[in-house]
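So this first bit is one chain, no partners, the form predicted alone, shown in structure tokens.
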Amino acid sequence: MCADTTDFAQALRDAGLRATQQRTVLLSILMESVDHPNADELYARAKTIDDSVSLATVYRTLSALEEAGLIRRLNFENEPARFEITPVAEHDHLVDIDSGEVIELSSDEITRLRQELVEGMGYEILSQHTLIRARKKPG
């Protein structure tokens, strides 16, 4: 998905952040990513757009974007944190343990069942995330 950089700048301002070139670049990269890049991957991609971006800037920007609720940090076992735009609808992730590929899983049925279970126990879901580690079956 490709959006105008003014949309990214407005999203940053709406979140209470200054719309710097580096923040706009990183937000646009995450919006257009089909994967869930880590900080080093984001840095490499950002350098192709703006060679003034440093790795320290990437880490500071990711922290600010996460704190503002614009992105979400995904922590997987024994791997660097990965990042995604904060989803409109909650979803889970499947990690292929052989390739490292991260696949988004979205299911209205699972969401409904999770909601029923939690409400039945007298709770309200504030956030949730399920990580499934899997290996492709042979054949």
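This is a predicted model, so every value here is computed, not measured. Counting begins at 1, following the sequence as shown.
The protein also exists as the form predicted in complex with another copy of the chain; that form is not presented, and the subsequent description refers to it.
K.L.:
Quick check on this chain: which one of 44, 49, 56, 105 has a heavy atom within 4.5 Å of another copy of the chain in the model of the complex?
P.N.:
Contact check passes for 105.
K.L.:
Consider the chain as shown here, without its partner, and state which of 32, 67, 40, 96 has a heavy atom within 4.5 Å of another copy of the chain in the model of the complex.
P.N.:
Of the candidates 32, 67, 40, 96, 96 is the one lying within 4.5 Å of another copy of the chain in the model of the complex.
K.L.:
With the partner left out here, check for me: in the model of the complex, does some heavy atom of residue 129 sit within 4.5 Å of another copy of the chain?
P.N.:
Residue 129 belongs to the contact set for another copy of the chain.
K.L.:
Taking another copy of the chain as it sits in the model of the complex, is residue 84 in contact with it (heavy atom to heavy atom, 4.5 Å or less)?
P.N.:
It does not: once another copy of the chain is placed as it appears in the model of the complex, residue 84 has no heavy atom within 4.5 Å of it.
K.L.:
Does residue 90 reach another copy of the chain in the model of the complex, with heavy atoms at most 4.5 Å apart?
P.N.:
Answer no; every heavy atom of residue 90 is more than 4.5 Å from another copy of the chain in the model of the complex.
K.L.:
Is residue 114 one of the residues lying within 4.5 Å of another copy of the chain in the model of the complex, judged by heavy atom distances?
P.N.:
Residue 114: yes, in contact with another copy of the chain in the model of the complex.
K.L.:
For the stretch 111-139, I need every residue with any heavy atom inside 4.5 Å of another copy of the chain in the model of the complex, listed N to C.
P.N.:
Residues within 4.5 Å: 113, 114, 117, 118, 119, 121, 122, 123, 124, 125, 126, 127, 128, 129, 130, 131, 132, 133, 134, 135, 136, 137.
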